[in-house]
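Only one chain is included here, represented as C-alpha coordinates and corresponding to the form predicted on its own.
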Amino acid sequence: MQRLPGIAVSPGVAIGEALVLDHEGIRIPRRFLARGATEAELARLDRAIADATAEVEHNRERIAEQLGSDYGAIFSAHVQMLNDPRLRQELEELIRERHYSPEYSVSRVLRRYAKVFQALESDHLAERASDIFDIERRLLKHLLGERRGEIAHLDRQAIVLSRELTPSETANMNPEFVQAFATEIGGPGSHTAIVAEGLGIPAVVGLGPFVSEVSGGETVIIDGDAGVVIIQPDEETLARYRSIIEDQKSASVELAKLGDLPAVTTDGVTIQILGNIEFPSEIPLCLERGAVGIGLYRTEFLYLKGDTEPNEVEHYAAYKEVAEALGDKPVVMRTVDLGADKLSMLPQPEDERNPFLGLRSIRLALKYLDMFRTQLRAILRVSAEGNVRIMFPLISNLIELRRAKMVLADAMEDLQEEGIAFNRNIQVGMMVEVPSAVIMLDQFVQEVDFFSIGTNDLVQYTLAVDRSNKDVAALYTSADPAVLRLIKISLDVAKAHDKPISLCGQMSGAPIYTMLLLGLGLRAFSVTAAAIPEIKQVIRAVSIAHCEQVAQRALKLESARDVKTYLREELSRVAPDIVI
(Lines give C-alpha, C1' and ligand atoms only; values in the text may rest on other atoms or scores of the structure.)
Protein backbone atom coordinates (compact mmCIF):
# COMPACT_ATOMS: atom_id res chain seq x y z
CA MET A 1 0.00 0.00 0.00
CA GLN A 2 1.21 3.48 -0.93
CA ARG A 3 -0.16 6.63 0.70
CA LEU A 4 0.61 9.79 -1.29
CA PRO A 5 -0.02 13.31 0.09
CA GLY A 6 -1.22 15.97 -2.34
CA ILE A 7 -3.43 19.03 -2.56
CA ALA A 8 -7.18 18.60 -2.11
CA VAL A 9 -9.00 20.64 -4.77
CA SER A 10 -12.43 19.01 -5.05
CA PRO A 11 -14.10 17.32 -2.07
CA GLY A 12 -15.36 13.79 -1.77
CA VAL A 13 -14.02 10.25 -1.46
CA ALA A 14 -13.95 7.56 -4.14
CA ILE A 15 -12.74 3.98 -4.36
CA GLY A 16 -12.21 2.38 -7.75
CA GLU A 17 -9.91 0.96 -10.40
CA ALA A 18 -7.07 3.08 -11.71
CA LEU A 19 -7.08 4.26 -15.28
CA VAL A 20 -3.64 5.62 -16.11
CA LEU A 21 -3.66 8.39 -18.67
CA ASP A 22 -0.87 9.90 -20.70
CA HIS A 23 -0.63 12.30 -23.63
CA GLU A 24 -1.67 9.53 -26.02
CA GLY A 25 -4.89 8.61 -24.22
CA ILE A 26 -6.05 5.78 -22.01
CA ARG A 27 -3.43 3.13 -21.44
CA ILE A 28 -5.14 0.10 -19.93
CA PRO A 29 -8.85 -0.30 -20.75
CA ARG A 30 -9.22 -3.69 -19.04
CA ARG A 31 -7.40 -5.87 -16.52
CA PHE A 32 -8.67 -9.46 -16.68
CA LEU A 33 -9.30 -11.91 -19.52
CA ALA A 34 -12.55 -13.58 -20.38
CA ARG A 35 -12.67 -17.34 -19.84
CA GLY A 36 -11.07 -19.37 -22.61
CA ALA A 37 -9.36 -16.35 -24.18
CA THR A 38 -5.80 -17.13 -23.09
CA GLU A 39 -4.45 -18.57 -26.35
CA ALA A 40 -6.01 -15.84 -28.49
CA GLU A 41 -4.63 -13.16 -26.19
CA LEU A 42 -1.13 -14.67 -26.25
CA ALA A 43 -1.29 -14.62 -30.04
CA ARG A 44 -2.34 -10.99 -29.89
CA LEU A 45 0.64 -10.25 -27.61
CA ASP A 46 3.00 -11.91 -30.09
CA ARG A 47 1.59 -9.85 -32.96
CA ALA A 48 2.05 -6.69 -30.93
CA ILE A 49 5.66 -7.59 -30.18
CA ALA A 50 6.29 -8.32 -33.86
CA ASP A 51 4.62 -5.07 -34.98
CA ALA A 52 6.51 -3.03 -32.37
CA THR A 53 9.77 -4.69 -33.41
CA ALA A 54 9.17 -3.85 -37.06
CA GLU A 55 8.40 -0.26 -36.10
CA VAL A 56 11.60 0.07 -34.08
CA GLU A 57 13.65 -1.55 -36.85
CA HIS A 58 12.25 0.99 -39.30
CA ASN A 59 13.20 3.82 -36.97
CA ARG A 60 16.67 2.34 -36.46
CA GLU A 61 17.33 2.21 -40.18
CA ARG A 62 16.03 5.73 -40.74
CA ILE A 63 18.06 7.25 -37.89
CA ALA A 64 21.20 5.30 -38.83
CA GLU A 65 20.91 6.60 -42.38
CA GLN A 66 20.44 10.19 -41.26
CA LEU A 67 22.74 10.40 -38.23
CA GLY A 68 24.99 7.35 -38.32
CA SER A 69 25.08 3.83 -36.94
CA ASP A 70 25.94 4.96 -33.39
CA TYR A 71 22.55 6.63 -33.07
CA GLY A 72 20.77 3.70 -34.68
CA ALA A 73 22.26 1.43 -32.02
CA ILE A 74 19.89 2.98 -29.47
CA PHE A 75 17.00 1.33 -31.26
CA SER A 76 18.90 -1.95 -31.55
CA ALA A 77 18.77 -2.16 -27.76
CA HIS A 78 14.99 -1.64 -27.91
CA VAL A 79 14.68 -4.52 -30.38
CA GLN A 80 16.68 -6.79 -28.10
CA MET A 81 14.52 -5.92 -25.11
CA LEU A 82 11.26 -6.39 -27.01
CA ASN A 83 12.38 -9.89 -28.03
CA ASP A 84 13.99 -10.90 -24.74
CA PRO A 85 12.77 -14.49 -24.00
CA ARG A 86 12.63 -13.71 -20.26
CA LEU A 87 10.27 -10.80 -20.86
CA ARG A 88 8.06 -12.97 -23.06
CA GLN A 89 8.05 -15.70 -20.39
CA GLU A 90 7.07 -13.29 -17.60
CA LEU A 91 4.24 -11.88 -19.69
CA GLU A 92 2.97 -15.35 -20.58
CA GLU A 93 2.96 -16.42 -16.92
CA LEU A 94 0.79 -13.45 -15.92
CA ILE A 95 -1.60 -14.09 -18.80
CA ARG A 96 -1.89 -17.87 -18.22
CA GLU A 97 -1.73 -18.08 -14.45
CA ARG A 98 -3.35 -14.83 -13.31
CA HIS A 99 -5.56 -14.28 -16.36
CA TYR A 100 -4.28 -10.71 -16.75
CA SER A 101 -4.87 -9.03 -20.07
CA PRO A 102 -1.77 -8.54 -22.25
CA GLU A 103 -2.12 -4.76 -21.79
CA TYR A 104 -2.12 -5.03 -18.00
CA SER A 105 0.69 -7.60 -18.04
CA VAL A 106 2.89 -5.39 -20.24
CA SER A 107 2.30 -2.36 -18.03
CA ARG A 108 2.87 -4.28 -14.80
CA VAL A 109 6.11 -5.97 -15.88
CA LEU A 110 7.74 -3.07 -17.72
CA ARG A 111 6.92 -0.56 -15.01
CA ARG A 112 8.55 -2.87 -12.49
CA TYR A 113 11.64 -2.95 -14.70
CA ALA A 114 11.59 0.85 -14.95
CA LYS A 115 11.39 1.24 -11.16
CA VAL A 116 14.48 -0.95 -10.77
CA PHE A 117 16.45 1.28 -13.16
CA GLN A 118 15.18 4.44 -11.48
CA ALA A 119 16.38 3.20 -8.11
CA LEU A 120 19.95 2.62 -9.30
CA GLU A 121 22.61 5.02 -8.06
CA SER A 122 24.14 5.28 -11.53
CA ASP A 123 22.58 8.21 -13.40
CA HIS A 124 23.43 6.54 -16.69
CA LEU A 125 21.52 3.37 -15.80
CA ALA A 126 18.66 5.31 -14.19
CA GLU A 127 18.10 7.07 -17.50
CA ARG A 128 17.41 3.69 -19.11
CA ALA A 129 13.98 3.82 -17.42
CA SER A 130 12.86 6.13 -20.21
CA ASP A 131 13.71 3.37 -22.71
CA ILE A 132 11.47 0.99 -20.76
CA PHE A 133 8.58 3.45 -20.86
CA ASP A 134 9.10 3.93 -24.58
CA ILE A 135 8.83 0.18 -25.15
CA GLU A 136 5.73 0.03 -22.95
CA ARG A 137 4.06 2.78 -24.99
CA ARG A 138 4.87 1.03 -28.27
CA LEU A 139 3.49 -2.30 -27.14
CA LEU A 140 0.35 -0.76 -25.70
CA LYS A 141 -0.23 1.20 -28.87
CA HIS A 142 -0.25 -1.98 -30.90
CA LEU A 143 -2.22 -3.96 -28.32
CA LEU A 144 -4.97 -1.41 -27.88
CA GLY A 145 -5.30 -0.42 -31.51
CA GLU A 146 -8.76 1.01 -32.19
CA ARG A 147 -9.90 0.25 -28.67
CA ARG A 148 -7.85 3.10 -27.31
CA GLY A 149 -10.12 5.97 -26.34
CA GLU A 150 -10.05 9.41 -24.89
CA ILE A 151 -11.20 10.31 -21.42
CA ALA A 152 -14.40 11.84 -22.78
CA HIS A 153 -15.45 8.46 -24.18
CA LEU A 154 -15.16 6.29 -21.08
CA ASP A 155 -17.84 3.64 -20.84
CA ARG A 156 -17.08 2.26 -17.38
CA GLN A 157 -16.34 3.69 -13.95
CA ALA A 158 -12.72 4.44 -13.16
CA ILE A 159 -10.37 6.68 -11.24
CA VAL A 160 -8.19 8.67 -13.61
CA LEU A 161 -4.51 9.12 -12.81
CA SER A 162 -2.40 11.42 -14.96
CA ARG A 163 0.64 13.64 -14.91
CA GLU A 164 -1.60 16.57 -15.75
CA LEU A 165 -5.14 17.24 -16.92
CA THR A 166 -6.01 20.33 -18.90
CA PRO A 167 -9.20 22.27 -18.11
CA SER A 168 -10.66 21.10 -21.43
CA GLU A 169 -9.94 17.43 -20.63
CA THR A 170 -11.60 17.91 -17.25
CA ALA A 171 -14.57 19.74 -18.76
CA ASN A 172 -15.16 16.76 -21.06
CA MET A 173 -15.26 14.25 -18.20
CA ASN A 174 -18.49 12.37 -17.60
CA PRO A 175 -19.08 12.22 -13.80
CA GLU A 176 -21.08 9.03 -14.36
CA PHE A 177 -17.85 7.22 -15.27
CA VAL A 178 -15.00 9.34 -13.83
CA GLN A 179 -15.28 8.64 -10.11
CA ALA A 180 -12.32 10.85 -9.21
CA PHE A 181 -8.91 11.90 -10.52
CA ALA A 182 -5.41 12.65 -9.30
CA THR A 183 -2.51 14.39 -11.03
CA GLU A 184 1.19 14.80 -10.46
CA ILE A 185 1.12 18.56 -10.95
CA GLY A 186 -1.44 21.31 -10.35
CA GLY A 187 -2.62 23.47 -7.52
CA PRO A 188 -5.66 24.93 -5.77
CA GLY A 189 -7.73 27.45 -7.67
CA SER A 190 -6.64 26.24 -11.10
CA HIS A 191 -9.27 25.97 -13.82
CA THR A 192 -8.89 22.19 -13.73
CA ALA A 193 -9.68 22.22 -10.00
CA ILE A 194 -12.61 24.59 -10.49
CA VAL A 195 -14.11 22.46 -13.25
CA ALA A 196 -13.69 19.30 -11.14
CA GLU A 197 -15.54 20.89 -8.23
CA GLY A 198 -18.27 22.09 -10.57
CA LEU A 199 -18.74 18.56 -11.89
CA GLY A 200 -18.67 17.13 -8.37
CA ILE A 201 -15.65 14.92 -9.12
CA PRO A 202 -13.31 14.37 -6.13
CA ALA A 203 -9.77 15.41 -7.05
CA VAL A 204 -6.26 15.59 -5.60
CA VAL A 205 -3.42 17.33 -7.44
CA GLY A 206 0.24 18.22 -6.91
CA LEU A 207 1.22 14.67 -5.87
CA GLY A 208 4.59 14.69 -7.60
CA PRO A 209 5.83 11.76 -9.73
CA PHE A 210 3.76 8.64 -9.08
CA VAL A 211 1.93 7.68 -12.27
CA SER A 212 4.77 5.49 -13.54
CA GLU A 213 4.38 3.32 -10.44
CA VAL A 214 0.72 2.51 -11.06
CA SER A 215 -0.78 0.09 -13.52
CA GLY A 216 -4.29 0.27 -14.84
CA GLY A 217 -6.76 -1.82 -12.88
CA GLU A 218 -5.12 -1.41 -9.49
CA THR A 219 -7.41 -0.33 -6.65
CA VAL A 220 -7.06 3.34 -5.71
CA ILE A 221 -8.64 5.56 -3.08
CA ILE A 222 -8.95 9.29 -3.75
CA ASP A 223 -9.59 11.36 -0.64
CA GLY A 224 -10.53 14.79 -1.97
CA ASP A 225 -11.19 16.04 1.56
CA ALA A 226 -7.79 15.29 3.08
CA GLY A 227 -5.76 15.53 -0.15
CA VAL A 228 -4.55 11.92 -0.09
CA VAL A 229 -4.25 9.18 -2.71
CA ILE A 230 -3.88 5.56 -1.59
CA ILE A 231 -2.70 2.97 -4.09
CA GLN A 232 -3.46 -0.72 -3.50
CA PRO A 233 -5.00 -0.14 -0.05
CA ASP A 234 -5.12 -2.99 2.47
CA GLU A 235 -8.42 -4.39 3.69
CA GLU A 236 -8.42 -2.33 6.89
CA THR A 237 -7.98 0.92 4.92
CA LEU A 238 -10.64 -0.09 2.41
CA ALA A 239 -13.10 -0.82 5.20
CA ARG A 240 -12.38 2.53 6.87
CA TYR A 241 -12.91 4.50 3.67
CA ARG A 242 -16.07 2.59 2.80
CA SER A 243 -17.37 3.65 6.20
CA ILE A 244 -16.37 7.28 5.48
CA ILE A 245 -18.29 7.18 2.19
CA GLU A 246 -21.40 5.87 3.96
CA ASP A 247 -21.09 8.54 6.67
CA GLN A 248 -20.80 11.24 4.00
CA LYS A 249 -23.93 9.96 2.30
CA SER A 250 -25.80 10.11 5.60
CA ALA A 251 -24.50 13.61 6.33
CA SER A 252 -25.58 14.75 2.85
CA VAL A 253 -29.10 13.55 3.54
CA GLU A 254 -29.22 15.56 6.78
CA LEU A 255 -27.74 18.69 5.19
CA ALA A 256 -30.22 18.44 2.33
CA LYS A 257 -32.96 19.21 4.85
CA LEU A 258 -31.56 22.75 5.11
CA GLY A 259 -32.44 23.45 1.48
CA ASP A 260 -35.79 25.12 2.19
CA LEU A 261 -34.60 26.94 5.31
CA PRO A 262 -33.41 30.57 5.09
CA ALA A 263 -29.78 31.56 5.62
CA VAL A 264 -30.42 33.69 8.70
CA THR A 265 -28.12 34.14 11.69
CA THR A 266 -29.35 33.57 15.24
CA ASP A 267 -29.72 37.35 15.67
CA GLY A 268 -31.92 37.68 12.60
CA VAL A 269 -29.52 38.87 9.86
CA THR A 270 -30.35 37.44 6.43
CA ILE A 271 -27.34 36.33 4.38
CA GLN A 272 -27.42 35.84 0.61
CA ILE A 273 -26.16 32.50 -0.59
CA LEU A 274 -25.57 32.50 -4.34
CA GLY A 275 -24.31 29.65 -6.49
CA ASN A 276 -21.08 29.34 -8.46
CA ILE A 277 -21.55 27.35 -11.63
CA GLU A 278 -19.35 26.18 -14.48
CA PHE A 279 -22.10 24.45 -16.44
CA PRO A 280 -25.84 25.18 -16.85
CA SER A 281 -26.58 21.68 -15.57
CA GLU A 282 -25.47 22.73 -12.06
CA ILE A 283 -28.36 25.15 -11.57
CA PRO A 284 -31.04 22.68 -10.35
CA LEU A 285 -28.80 21.48 -7.50
CA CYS A 286 -27.93 25.07 -6.51
CA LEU A 287 -31.62 25.97 -6.32
CA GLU A 288 -32.51 22.73 -4.54
CA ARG A 289 -29.98 23.60 -1.83
CA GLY A 290 -31.34 27.09 -1.36
CA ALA A 291 -29.29 29.42 -3.58
CA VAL A 292 -31.14 32.69 -4.21
CA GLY A 293 -29.41 33.14 -7.56
CA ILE A 294 -26.09 32.61 -9.33
CA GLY A 295 -23.32 34.92 -8.17
CA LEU A 296 -20.73 33.60 -10.60
CA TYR A 297 -21.40 31.90 -13.90
CA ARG A 298 -18.03 30.93 -15.33
CA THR A 299 -18.35 30.92 -19.10
CA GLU A 300 -14.97 29.31 -19.82
CA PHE A 301 -16.39 25.86 -20.60
CA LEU A 302 -17.59 27.17 -23.97
CA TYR A 303 -13.99 27.88 -24.95
CA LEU A 304 -12.63 24.62 -23.55
CA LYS A 305 -14.99 22.22 -25.31
CA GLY A 306 -13.16 22.22 -28.63
CA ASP A 307 -10.49 23.74 -30.81
CA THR A 308 -12.70 26.38 -32.41
CA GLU A 309 -13.90 29.65 -30.96
CA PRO A 310 -17.58 29.49 -29.91
CA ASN A 311 -19.86 31.63 -32.06
CA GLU A 312 -22.64 33.93 -30.93
CA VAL A 313 -25.29 31.25 -31.40
CA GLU A 314 -23.44 28.85 -29.10
CA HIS A 315 -22.92 31.55 -26.47
CA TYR A 316 -26.55 32.60 -26.64
CA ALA A 317 -27.89 29.05 -26.34
CA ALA A 318 -25.85 28.35 -23.19
CA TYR A 319 -26.72 31.66 -21.55
CA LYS A 320 -30.41 31.36 -22.42
CA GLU A 321 -30.53 27.94 -20.78
CA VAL A 322 -29.19 29.49 -17.57
CA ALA A 323 -31.53 32.49 -17.65
CA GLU A 324 -34.58 30.31 -18.27
CA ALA A 325 -33.65 27.92 -15.46
CA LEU A 326 -33.38 30.78 -12.98
CA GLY A 327 -36.53 32.70 -13.91
CA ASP A 328 -36.46 36.02 -12.07
CA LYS A 329 -33.49 35.05 -9.89
CA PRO A 330 -30.26 36.95 -10.70
CA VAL A 331 -27.32 35.49 -12.59
CA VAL A 332 -23.91 37.17 -12.84
CA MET A 333 -22.20 36.18 -16.08
CA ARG A 334 -18.45 36.66 -15.95
CA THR A 335 -16.73 37.26 -19.26
CA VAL A 336 -13.98 34.88 -20.36
CA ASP A 337 -11.39 34.34 -17.63
CA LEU A 338 -8.70 32.25 -19.32
CA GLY A 339 -5.11 32.72 -20.37
CA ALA A 340 -4.07 32.67 -24.00
CA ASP A 341 -2.10 29.50 -23.24
CA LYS A 342 -5.40 27.70 -22.55
CA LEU A 343 -7.08 28.67 -25.83
CA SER A 344 -5.86 26.57 -28.74
CA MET A 345 -7.92 28.58 -31.23
CA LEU A 346 -5.81 31.72 -30.58
CA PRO A 347 -2.19 32.44 -31.54
CA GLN A 348 0.03 31.36 -28.68
CA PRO A 349 2.05 34.14 -26.99
CA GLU A 350 5.68 34.03 -28.02
CA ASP A 351 7.12 34.92 -24.63
CA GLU A 352 4.54 33.77 -22.07
CA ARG A 353 6.92 32.71 -19.32
CA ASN A 354 4.40 33.29 -16.55
CA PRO A 355 0.79 32.90 -17.74
CA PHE A 356 -0.58 34.24 -14.45
CA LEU A 357 1.12 37.56 -15.12
CA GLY A 358 0.55 37.54 -18.85
CA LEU A 359 -2.20 37.63 -21.43
CA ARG A 360 -5.28 36.43 -19.57
CA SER A 361 -8.80 37.39 -18.52
CA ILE A 362 -9.79 40.97 -19.36
CA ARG A 363 -6.38 41.57 -20.99
CA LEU A 364 -7.03 38.70 -23.38
CA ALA A 365 -10.54 39.98 -24.14
CA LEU A 366 -9.30 43.49 -24.88
CA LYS A 367 -6.65 42.12 -27.24
CA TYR A 368 -9.07 39.91 -29.19
CA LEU A 369 -11.96 42.34 -29.49
CA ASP A 370 -13.97 40.31 -32.02
CA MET A 371 -14.05 37.37 -29.63
CA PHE A 372 -14.98 39.72 -26.77
CA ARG A 373 -17.79 41.39 -28.72
CA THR A 374 -19.23 38.01 -29.67
CA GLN A 375 -19.57 37.06 -26.02
CA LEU A 376 -20.91 40.47 -24.97
CA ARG A 377 -23.56 40.44 -27.70
CA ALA A 378 -24.81 37.04 -26.55
CA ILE A 379 -24.96 38.11 -22.89
CA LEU A 380 -26.79 41.30 -23.83
CA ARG A 381 -29.32 39.40 -25.94
CA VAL A 382 -30.09 37.07 -23.03
CA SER A 383 -30.44 40.07 -20.69
CA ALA A 384 -33.81 40.74 -22.37
CA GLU A 385 -35.05 37.36 -21.16
CA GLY A 386 -33.85 37.17 -17.55
CA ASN A 387 -32.27 38.88 -14.55
CA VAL A 388 -28.81 38.92 -16.13
CA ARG A 389 -25.79 40.87 -14.93
CA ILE A 390 -22.33 41.10 -16.44
CA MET A 391 -18.95 41.05 -14.67
CA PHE A 392 -15.40 41.67 -15.89
CA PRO A 393 -12.54 39.59 -14.41
CA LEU A 394 -9.04 40.57 -13.28
CA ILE A 395 -9.50 44.32 -13.54
CA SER A 396 -6.30 45.96 -12.28
CA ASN A 397 -6.79 49.61 -13.23
CA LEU A 398 -9.44 52.12 -14.26
CA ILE A 399 -8.37 52.22 -17.91
CA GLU A 400 -8.99 48.48 -18.31
CA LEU A 401 -12.45 48.79 -16.84
CA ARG A 402 -13.35 51.78 -18.99
CA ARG A 403 -12.13 50.06 -22.15
CA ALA A 404 -14.23 47.01 -21.33
CA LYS A 405 -17.28 49.21 -20.75
CA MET A 406 -16.65 50.95 -24.07
CA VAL A 407 -16.67 47.61 -25.91
CA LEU A 408 -19.90 46.76 -24.08
CA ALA A 409 -21.39 50.11 -25.16
CA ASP A 410 -20.38 49.41 -28.78
CA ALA A 411 -22.09 46.01 -28.61
CA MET A 412 -25.24 47.68 -27.27
CA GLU A 413 -25.19 50.18 -30.10
CA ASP A 414 -24.82 47.42 -32.69
CA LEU A 415 -27.73 45.46 -31.26
CA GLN A 416 -29.90 48.55 -31.14
CA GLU A 417 -29.18 49.29 -34.81
CA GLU A 418 -30.07 45.69 -35.67
CA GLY A 419 -33.33 45.93 -33.73
CA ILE A 420 -32.34 43.16 -31.30
CA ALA A 421 -33.78 43.42 -27.79
CA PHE A 422 -31.52 43.74 -24.71
CA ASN A 423 -31.57 45.33 -21.28
CA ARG A 424 -29.94 48.75 -21.70
CA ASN A 425 -29.76 49.10 -17.91
CA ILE A 426 -27.96 45.80 -17.36
CA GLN A 427 -25.91 45.89 -14.15
CA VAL A 428 -22.14 45.86 -14.71
CA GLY A 429 -19.69 44.64 -12.08
CA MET A 430 -16.05 43.73 -11.67
CA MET A 431 -13.98 41.13 -9.90
CA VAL A 432 -11.69 42.31 -7.10
CA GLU A 433 -8.75 39.94 -7.56
CA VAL A 434 -5.54 41.96 -7.44
CA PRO A 435 -4.17 44.25 -4.71
CA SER A 436 -4.22 47.25 -7.07
CA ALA A 437 -7.99 46.90 -7.41
CA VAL A 438 -8.40 46.87 -3.63
CA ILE A 439 -6.20 49.94 -3.22
CA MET A 440 -8.19 51.83 -5.89
CA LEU A 441 -11.60 50.55 -4.91
CA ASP A 442 -12.78 53.99 -3.80
CA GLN A 443 -12.34 55.04 -7.44
CA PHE A 444 -13.93 51.94 -8.94
CA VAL A 445 -17.13 52.47 -6.95
CA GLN A 446 -17.99 55.31 -9.31
CA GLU A 447 -17.71 53.03 -12.35
CA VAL A 448 -19.60 49.81 -11.50
CA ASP A 449 -22.85 48.59 -9.99
CA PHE A 450 -21.41 45.78 -7.85
CA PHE A 451 -18.24 43.91 -6.86
CA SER A 452 -17.23 40.30 -6.31
CA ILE A 453 -14.05 39.46 -4.42
CA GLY A 454 -12.28 36.60 -6.20
CA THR A 455 -10.21 35.02 -3.46
CA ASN A 456 -8.37 32.46 -5.58
CA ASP A 457 -6.50 35.10 -7.56
CA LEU A 458 -6.40 37.61 -4.71
CA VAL A 459 -4.45 35.11 -2.60
CA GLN A 460 -2.12 34.31 -5.47
CA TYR A 461 -1.29 37.90 -6.36
CA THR A 462 -1.09 39.14 -2.77
CA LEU A 463 1.30 36.43 -1.63
CA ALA A 464 3.21 36.08 -4.94
CA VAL A 465 2.53 32.33 -4.94
CA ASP A 466 2.04 30.25 -8.09
CA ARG A 467 -0.90 28.18 -6.92
CA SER A 468 -0.07 25.40 -9.40
CA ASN A 469 3.52 24.96 -8.16
CA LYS A 470 3.63 22.16 -5.61
CA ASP A 471 6.91 23.44 -4.17
CA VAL A 472 5.25 26.62 -2.90
CA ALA A 473 1.62 25.47 -2.71
CA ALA A 474 1.79 25.41 1.09
CA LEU A 475 2.22 29.19 1.04
CA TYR A 476 -1.05 29.60 -0.85
CA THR A 477 -3.63 30.18 1.87
CA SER A 478 -6.67 32.38 2.32
CA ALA A 479 -5.87 32.64 6.02
CA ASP A 480 -2.84 34.89 5.54
CA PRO A 481 -3.28 38.12 7.55
CA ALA A 482 -2.47 40.24 4.46
CA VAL A 483 -5.31 38.61 2.53
CA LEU A 484 -7.73 39.15 5.42
CA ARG A 485 -6.87 42.83 5.57
CA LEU A 486 -7.43 43.29 1.84
CA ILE A 487 -10.82 41.60 2.12
CA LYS A 488 -11.77 43.87 5.04
CA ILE A 489 -10.73 46.98 3.09
CA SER A 490 -12.86 45.87 0.13
CA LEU A 491 -15.92 45.18 2.28
CA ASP A 492 -15.55 48.48 4.16
CA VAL A 493 -15.24 50.55 0.96
CA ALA A 494 -18.23 48.84 -0.66
CA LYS A 495 -20.34 49.38 2.46
CA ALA A 496 -19.32 53.03 2.74
CA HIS A 497 -20.50 53.64 -0.84
CA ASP A 498 -23.55 51.38 -0.59
CA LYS A 499 -22.31 49.04 -3.34
CA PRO A 500 -23.32 45.35 -3.29
CA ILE A 501 -20.32 43.07 -2.82
CA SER A 502 -20.06 39.30 -2.70
CA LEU A 503 -17.15 36.91 -2.29
CA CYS A 504 -16.42 33.86 -4.42
CA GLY A 505 -13.56 31.41 -4.73
CA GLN A 506 -12.54 28.49 -2.56
CA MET A 507 -12.53 30.62 0.58
CA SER A 508 -16.25 31.37 0.31
CA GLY A 509 -17.11 27.66 0.24
CA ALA A 510 -14.88 26.64 3.15
CA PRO A 511 -16.89 26.55 6.43
CA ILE A 512 -13.77 27.37 8.45
CA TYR A 513 -13.90 30.94 7.08
CA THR A 514 -17.66 31.57 7.30
CA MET A 515 -17.68 33.16 10.77
CA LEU A 516 -14.64 35.29 9.92
CA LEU A 517 -16.20 36.59 6.71
CA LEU A 518 -19.48 37.39 8.42
CA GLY A 519 -17.57 39.25 11.09
CA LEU A 520 -15.66 41.24 8.47
CA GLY A 521 -18.97 42.40 7.03
CA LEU A 522 -19.71 39.98 4.18
CA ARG A 523 -23.41 39.47 3.55
CA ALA A 524 -23.35 37.63 0.20
CA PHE A 525 -21.53 34.32 -0.34
CA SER A 526 -21.11 32.88 -3.82
CA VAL A 527 -20.29 29.17 -3.53
CA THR A 528 -20.51 25.86 -5.38
CA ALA A 529 -23.62 23.74 -4.96
CA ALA A 530 -21.65 21.21 -2.93
CA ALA A 531 -20.66 23.85 -0.37
CA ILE A 532 -24.06 25.49 0.12
CA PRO A 533 -25.45 23.20 2.87
CA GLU A 534 -22.46 23.48 5.21
CA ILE A 535 -22.14 27.25 4.74
CA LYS A 536 -25.84 27.61 5.51
CA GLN A 537 -25.46 25.36 8.54
CA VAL A 538 -22.77 27.63 10.00
CA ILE A 539 -24.72 30.81 9.22
CA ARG A 540 -27.80 29.48 11.03
CA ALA A 541 -25.70 28.55 14.09
CA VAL A 542 -23.99 31.90 14.77
CA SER A 543 -24.75 35.52 15.61
CA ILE A 544 -23.19 38.50 13.84
CA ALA A 545 -22.01 39.83 17.21
CA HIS A 546 -20.06 36.61 17.85
CA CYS A 547 -18.66 36.63 14.31
CA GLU A 548 -17.44 40.22 14.72
CA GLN A 549 -15.52 39.15 17.83
CA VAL A 550 -13.99 36.27 15.85
CA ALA A 551 -12.94 38.64 13.04
CA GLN A 552 -11.40 41.16 15.43
CA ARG A 553 -9.35 38.45 17.08
CA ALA A 554 -8.29 36.89 13.77
CA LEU A 555 -7.08 40.24 12.39
CA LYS A 556 -4.65 40.53 15.30
CA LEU A 557 -2.98 37.17 14.70
CA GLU A 558 0.44 37.09 13.06
CA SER A 559 0.37 34.04 10.81
CA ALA A 560 -1.93 31.99 8.61
CA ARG A 561 -1.30 28.99 10.84
CA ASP A 562 -2.48 30.89 13.92
CA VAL A 563 -5.55 32.15 12.05
CA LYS A 564 -6.52 28.66 10.87
CA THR A 565 -6.01 27.13 14.30
CA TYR A 566 -8.20 29.78 15.90
CA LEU A 567 -10.93 29.55 13.27
CA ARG A 568 -10.95 25.76 13.51
CA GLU A 569 -11.49 25.97 17.27
CA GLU A 570 -14.35 28.47 16.90
CA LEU A 571 -16.05 26.40 14.19
CA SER A 572 -15.84 23.23 16.27
CA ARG A 573 -17.83 25.00 19.00
CA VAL A 574 -20.75 26.02 16.80
CA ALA A 575 -20.75 23.17 14.25
CA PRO A 576 -18.83 20.20 15.73
CA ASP A 577 -20.13 17.79 13.08
CA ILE A 578 -18.42 19.64 10.21
CA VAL A 579 -15.17 17.91 9.32
CA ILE A 580 -12.35 20.28 8.32
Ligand code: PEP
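The first residue of the shown sequence is 1; numbering continues from there. Bear in mind that the values here come from a model prediction, so they are computed numbers and not experimental data.
FYI, the form predicted in complex with this ligand isn't displayed, but the following is about it.
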- Among the candidate residues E197, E169, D457, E218, which is the single one with a non-hydrogen atom no more than 4.5 Å from this ligand in the model of the complex? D457
- Task: Taking 4.5 Å between heavy atoms as the contact cutoff, choose which of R138, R111, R389, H191 touches this ligand in the model of the complex.
- Result: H191
- Message: With a cut-off of 4.5 Å between heavy atoms, is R467 one of the residues that contacts this ligand in the model of the complex?
- Response: yes
- Item | Heavy atom of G505 within 4.5 Å of this ligand in the model of the complex | yes
- Would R298 count as a contact of this ligand in the model of the complex, using a 4.5 angstroms cut-off between non-hydrogen atoms? yes
- Message: in the model of the complex, is there a heavy atom of this ligand that lies within 4.5 Å of any heavy atom of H315, even though the partner is absent here?
- Response: no
- Note on the structure: For this ligand in the model of the complex, the stretch among 407-415, 430-438, 285-293, 365-373 with residues bearing a heavy atom within 4.5 Å is 430-438
- If you look in the model of the complex, which residues in 356-372 sit within 4.5 Å of this ligand (heavy atoms)? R360
